[in-house]
Ligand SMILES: Cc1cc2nc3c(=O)[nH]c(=O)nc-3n(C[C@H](O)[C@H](O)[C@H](O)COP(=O)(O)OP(=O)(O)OC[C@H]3O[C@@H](n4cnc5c(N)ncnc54)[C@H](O)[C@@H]3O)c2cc1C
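Here we start with a single chain on its own, the form predicted alone, put down as structure tokens.
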Amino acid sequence: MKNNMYLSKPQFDAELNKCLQCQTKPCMKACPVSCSPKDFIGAAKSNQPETAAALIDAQNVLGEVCGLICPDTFCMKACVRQNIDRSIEIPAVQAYIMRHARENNLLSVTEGVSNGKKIAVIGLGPAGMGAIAELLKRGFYVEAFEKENIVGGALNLIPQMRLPREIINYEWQKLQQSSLLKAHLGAAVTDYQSLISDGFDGVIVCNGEQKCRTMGIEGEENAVLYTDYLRAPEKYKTTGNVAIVGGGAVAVDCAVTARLGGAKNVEMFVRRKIGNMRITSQERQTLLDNDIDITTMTRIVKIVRQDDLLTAYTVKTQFNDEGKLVDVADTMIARRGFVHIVYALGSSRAEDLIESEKIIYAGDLVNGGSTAVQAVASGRDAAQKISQLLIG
């Protein structure tokens, strides 16, 4: 595990000392799960690491995961300290605290007294785990179903350099300590109504967005979907040239993965301007650090395979007087010599939602592509909703 994923002790202490302990807690208000940096930083400064970790864990079942991968658009954006110098590195502080808790076995699952109700949770990504944690606290018996043989959902697409798999597994094993939880891996469930017929009092569905977006262009069968690429990057290792189609966080992960895998040149094709890319300042810096080319205002319109290499035909784009993105006439060129062209355009829902009082949907399935902490919050909200329905 790379040490530079975490703050050093001097860095950690420096970030703690920057906290102004704002009584209005703007950082907490900006957090999707209402975790309070003011409180857990205060506990850490008072040399109470177990209390600090417990405060985080009470709000976020994926405390260390989110500490490692949360963007700077929530608590950090709300941090008052930015008006003095710069925001406190709150996610990094959280990751440090939770790593200490993990390594010293300071945390265990929280479960309430059994209330006699049984809930099925479909999907064991962040939303599913968020739902389970809340249900266990409220005394529900939970059976979880995951079609894959591993837990984590979309977290498993995040490169190991940012999120080691042992962290995901630790968060899951913590939940598995509960006597109220039974999990079924490699178990796909599509008929949710049958679970109600089989005795479950409710179902929370957290299947995520399972259909990768494509562009509908000629030759796109030659492209690699980002889900395939990030699940098994070793299959696509090359010292040649790689093109990434897309300008979001997933595209950044694909580009950096290709570069670290040995690709000579990695180029991102983005239809809009750099300022329109939905990435954080840290992700922008990562692209620079890894010498990733970014070709903006450009769209791939055709992909042609020639022997073992791919040619991408591109056109320039521009915003018209109505603010719509359109192609620029007579700008098509052929970009030859790519070993792989990776589609990193996000995903969409692959199933229709059933209207039923006892079947509740959560996570990306209903909210679209979101961060891990937003998915945890959505799963927790779904658990609270079903709890209100069943036990008030």
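None of the values given here were measured: they were computed from a predicted structure. Numbering starts at 1 and runs along the sequence shown.
Another form exists, predicted in complex with the ligand; not displayed. Remarks below refer to it.
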Legend entry - the ligand in the model of the complex: contacting segment from 232 to 240, 261 to 269, 144 to 152, 109 to 117, heavy atom within 4.5 Å: 144 to 152
Legend entry - in the model of the complex, the one of Ile300, Met297, Met277, Ile158 near the ligand [non-hydrogen atom within 4.5 angstroms]: Ile158
Legend entry - Contact residue in the model of the complex, chosen from Val245, Ala255, Ile97, Ile122 - any heavy atom within 4.5 Å of the ligand: Ile122
Inset, instruction - Decide whether Asp57 counts as a contact residue for the ligand in the model of the complex under a heavy atom distance cut-off of 4.5 Å. - result: no
Inset, instruction - Please check if Ala127 has a heavy atom lying within 4.5 Å of any heavy atom of the ligand in the model of the complex. - result: yes
Legend entry - Close approach of Val250 to the ligand in the model of the complex, 4.5 Å, heavy atom: yes
Inset, instruction - Decide whether Tyr226 counts as a contact residue for the ligand in the model of the complex under a heavy atom distance cut-off of 4.5 Å. - result: yes
Inset, instruction - Heavy atoms within 4.5 Å of the ligand in the model of the complex is the criterion; list the residues of 82 to 108 that meet it. - result: none
